[in-house]
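Quick setup: one chain, the form predicted alone, written in structure tokens, and binding and motion questions come after.
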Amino acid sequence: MAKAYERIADDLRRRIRAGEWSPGERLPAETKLVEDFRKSLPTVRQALGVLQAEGLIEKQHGRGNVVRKARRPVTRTNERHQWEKGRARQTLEERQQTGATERDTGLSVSDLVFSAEFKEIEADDDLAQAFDVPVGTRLLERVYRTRYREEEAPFNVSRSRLLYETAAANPELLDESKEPWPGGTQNQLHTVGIEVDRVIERVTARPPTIEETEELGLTAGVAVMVLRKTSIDTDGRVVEVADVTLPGDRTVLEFTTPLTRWDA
């Protein structure tokens, strides 16, 4: 037999899905729910906690429990890298038309708010191994955040690293005010004579940190995916290592794998 808080959660879930409360609309106050269901406040709060964990509602400061608006979905395919490479040698005017985020979200440039933070760092054990360089090697770390103008949280947080001496070959690559860069990283690398040959992506999942929960606007129980993207040039050198933290509640990873046909 279902417990009291489960029955309350079932009832509220059904009413939310039936449209009794619209996205962004407040649920009745907890004291009203106590009265309606004739159960204790802890039981009602336990039921609300279930709905929060499912992503149906969220608790907003000063407003109470609110039906959660669906976040803008992002579909990230592995075809995006060839698409970006195809644009790397296009004219500035052509590259300014759209970018990878617009491709992933279906939004336009005017729909997006972008930020970039650059700093020089030293390679730790992990990054030294990834780049096959000594620990302490100078790197340029670029932290990118892009969000839908109607939402507060970014789609993801991307930490991209380049070898500092590689980026310094074009001083503009060291200037965060030049972002968002039309054509993305592959065009940036093209400006210093580098052609990307292949991209390796590894995806893991884990619970978010407190900071990630706040920054990405995650509800309880939502995991993050961490995508390690390694770009390798035509000489076999690692030229970029990026770690992208993706919210599990609004990200779709889609992979298309061409297969060689059998001989007739």
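By rigid core we mean the largest C-alpha set that fits within 1.5 Å across both forms. No experiment lies behind these values; they were computed from the predicted model shown. Each residue number is its position in the shown sequence, starting from 1.
The form predicted in complex with a further copy of the same chain is left out here; the points below concern that form.
### Message
Under a 4.5 angstroms heavy atom criterion, identify the one residue in Val199, Val34, Val238, Leu48 near a further copy of the same chain in the model of the complex.
### Response
Exactly one residue meets the criterion: Val199.
### Query
in the model of the complex, which of the listed residues (Ser115, Gln129, Thr137, Asn78) lies with a heavy atom within 4.5 Å of a further copy of the same chain?
Exactly one listed residue reaches within 4.5 Å, namely Asn78.
### Task
Although a further copy of the same chain is absent from this view, report whether Asp11 comes within 4.5 Å of it in the model of the complex, heavy atoms only.
No, Asp11 stays farther than 4.5 Å from a further copy of the same chain in the model of the complex.
### Query
Do Arg26 and a further copy of the same chain share at least one heavy atom pair within 4.5 Å in the model of the complex?
Arg26 lies outside the contact set for a further copy of the same chain.
### Task
Report whether the minimum heavy atom distance between Glu195 and a further copy of the same chain in the model of the complex is within 4.5 Å.
The answer is yes: Glu195 has a heavy atom within 4.5 Å of a further copy of the same chain.
### Message
Quick check on Thr146: any heavy atom within 4.5 Å of a further copy of the same chain in the model of the complex?
### Response
Judged by the heavy-atom cut-off of 4.5 Å, Thr146 is well away from a further copy of the same chain in the model of the complex.
### Task
May I ask whether Ala53, Gly248 and Glu254 each come within 4.5 Å of a further copy of the same chain in the model of the complex, counting any non-hydrogen atom?
Yes: Ala53, Gly248 and Glu254 each sit within 4.5 Å of a further copy of the same chain in the model of the complex.
### Query
Which single stretch, out of 97-105, 129-137, 149-157, 81-89, brings residue heavy atoms within 4.5 Å of a further copy of the same chain in the model of the complex?
Within 4.5 Å of the partner lies stretch 81-89.
### Task
Heavy atoms within 4.5 Å of a further copy of the same chain in the model of the complex is the criterion; list the residues of 177-212 that meet it.
Residues within 4.5 Å: Gln186, His190, Ile194, Glu195, Val196, Asp197, Arg198, Val199, Ile200, Glu201, Arg202, Val203, Thr204, Ala205, Arg206, Pro207, Thr209, Ile210, Glu211.
### Query
Under a superposition restricted to the rigid core, does Val44 display a Cα displacement of 2 angstroms or more between the shown form and the other one?
Yes; Val44 is a residue whose C-alpha shifts (by 2 Å or more) between the shown form and the other one when the cores are overlaid.
### Query
Once everything's superposed on the core, is Asp10 shifted 2 Å or more at the Cα between the shown form and the other one?
Comparing the forms between the shown form and the other one, which are aligned on their rigid core, Asp10 does shift its C-alpha by 2 Å or more.
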